[in-house]
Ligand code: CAA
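As a starting point, one isolated chain is supplied in structure tokens, in the form predicted on its own.
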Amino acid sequence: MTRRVFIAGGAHTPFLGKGSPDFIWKRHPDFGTRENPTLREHLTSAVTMAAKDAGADPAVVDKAYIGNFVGELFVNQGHLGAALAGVHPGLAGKPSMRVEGACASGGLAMVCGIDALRAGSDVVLVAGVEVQTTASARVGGDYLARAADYARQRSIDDFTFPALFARRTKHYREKFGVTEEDIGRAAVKAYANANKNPLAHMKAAKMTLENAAAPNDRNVNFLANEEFSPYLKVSDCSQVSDGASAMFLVSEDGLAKLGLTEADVTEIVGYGHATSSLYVDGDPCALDTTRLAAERAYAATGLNAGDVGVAEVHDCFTLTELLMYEALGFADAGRGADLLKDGAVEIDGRLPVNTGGGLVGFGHPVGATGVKQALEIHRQMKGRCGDYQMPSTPGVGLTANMGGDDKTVVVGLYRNLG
């Protein structure tokens, strides 16, 4: 990089949705007396808390970026750059824009922030937000299917993306002999980590290996597609969540403006960004776009998979986490499940992954996820994760944020400076 870039601080709102004790729905005791936060309220809360965490007056922001996928559909709201400019008086008039790349929208917002700092800005606000609980699961599934090749792939199932990843699971299990129990361990880890995270969507939900290893009355195969339905259960899916994350990125001059030292911050040492065709399906047993983004990130930084001490990877479905291990160089093809079996990716393992619960446990407000991932690496490096804090201090971290069926990917690499 031509200029150094640092995460100065940030914040998440609680990630909310069905299954969370804090989410208001028809069976909640507060139903009818109070409502869930709106997109504006989530975004305002995240930015306000992030500014406090970073010690930054929003008036010093040079540029701002927000990741969001389908605000127009779930909450009838587009033009979210202007929404971000409206959450604090200090942001009025600042250059602000929305970035969209399906589930990688937050990661792309971070890329824009990094590039702005490299080009001469000193303080950049990066945020992500999504509210998805306003529609039924079936209608929401149709909205989210816009991240696929809608004309070609929508008809695979009412729940397009679960079916696309069930197809991957079928091919992967048949090719490598991996069992449903092997993959289920990813859900068990995700829920266990989320149970230690007060902001997690599934903080109060339990998941045993017995429940995750096979379909049952409480964990059903729900797809209508008869070929792929046996390969995906409810526990294999990320959560339909509302929430927001925000962080302040700064240059070395920005550090001085905020009165911070390198010991206070985390350096973003580089990233890889790759995009593949929406109209062509890749190898169902590999995430080739993720692999390319990772190769670019490693090449840009001089780091490699063996240097990584903590990671946040895109587990939109349980199999995706295993495929991420393999695409990022943490495991050989077909051997991702070994990292779960031997405990390597547990919070106290040699390579903790998704310590706060990932998309399956922490939740997946789509536009916020890429921002959340980067901020979670920063929080682990600074010892601020409470009950889910790693026992050792990581020196190098990695994030992998994926949009669509491995179509848009941002891989970031981070270094702890003190």
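Just so we're clear, the structure is a prediction, and the values are computed from it rather than from any experiment. So that there is no doubt, residue numbering starts at 1 and follows the sequence shown.
Unshown form predicted in complex with the ligand; subsequent notes refer to it.
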Task: Contact of A214 with the ligand in the model of the complex (heavy atom, 4.5 Å) - done: no
Task: the ligand contact in the model of the complex: L144, any heavy atom under 4.5 Å - done: yes
TODO: Answer with yes or no whether G272 is in contact with the ligand in the model of the complex, where contact means some heavy atom within 4.5 Å.
DONE: no
Task: the ligand contact in the model of the complex: Y172, any heavy atom under 4.5 Å - done: no
Open item on the list: Check for me whether the ligand, as it appears in the model of the complex, comes within 4.5 angstroms of all of R4, V124 and Y414 - heavy atoms only.
Closed with: no
TODO: Identify which of A256, V234, A92, A119 has a heavy atom within 4.5 Å of the ligand in the model of the complex; exactly one of them does.
DONE: V234
Task: Contact residue in the model of the complex, from V188, A294, C316, V345 (heavy atom within 4.5 Å of the ligand) - done: C316
Open item on the list: The chain here is shown without the ligand. Which stretch in 77-85, 172-180, 322-330, 96-104 comes within 4.5 angstroms of it in the model of the complex, by heavy atom distance?
Closed with: 96-104
Open item on the list: Within 4.5 Å of the ligand in the model of the complex, counting any non-hydrogen atom, which residues from 3-33 show up?
Closed with: K18
